[in-house]
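One chain is shown next in structure tokens, namely the form predicted on its own.
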């Protein structure tokens, strides 16, 4: 959330509700709608850390609003984030831990775990397909996000097959 807000503020100053609306517009239904409380808490932390500053703007017939601006330190932190590679594949996979350890406990067998996880992934895939169908075709960002999630799920499904074949 921090970097997303800094990126939006690097484009232009905004208040919390404008930032929420921008995230919803850019990512559509493909990205969980941010909670406005979370946005304001994050903005408060960014301000405390010196990455943004705020200015109270008076409004006629409405309470004042706080407009946030990115600082030089915020821009530097954003540039660092943009330049750093994102996390790669996960080695500590919770499902794999269950798959290896649960049969040792007698609580479940591997086939039941694989089948349950497969059903879960297939349900997620179905939900993503439906989301893609409901998404405005002009919102390429949202569609690419959905496609990426579907490709990751397909890879997870393929990996499940491999686990089923290779583990005793």
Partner chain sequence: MTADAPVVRAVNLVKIYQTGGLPVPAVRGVDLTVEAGEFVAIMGPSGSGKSTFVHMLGGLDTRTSGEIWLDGRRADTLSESGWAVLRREKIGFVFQFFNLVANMTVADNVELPALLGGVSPRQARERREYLLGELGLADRAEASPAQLSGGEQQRVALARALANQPRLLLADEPTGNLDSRNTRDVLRLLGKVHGQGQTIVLVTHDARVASMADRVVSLLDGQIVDDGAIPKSRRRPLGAAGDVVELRS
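Residue numbers count along the first chain shown, from 1. Please read all numbers here as calculations on a predicted model, not as lab measurements.
From this point on, the text means the form predicted in complex with the partner chain, which you will not see here.
Shown alone, this chain has one stretch from 99-107, 63-71, 129-137, 44-52 that lies within 4.5 Å of the partner chain in the model of the complex by heavy atoms: 129-137.
Interface membership of residue 150, defined by any non-hydrogen atom within 4.5 Å of the partner chain in the model of the complex, is confirmed. The partner chain is not drawn, but in the model of the complex it has a heavy atom within 4.5 Å of residue 157. Looking at residue 59, you'd find every heavy atom of it more than 4.5 angstroms from the partner chain in the model of the complex.
Though the partner is left out of this view, residue 27 does reach within 4.5 Å of the partner chain in the model of the complex, counting heavy atoms only. Along 99-136, residues 111, 115, 118, 119, 120, 122, 123, 124, 125, 126, 127, 128, 129, 131, 134 each place a heavy atom within 4.5 Å of the partner chain in the model of the complex.
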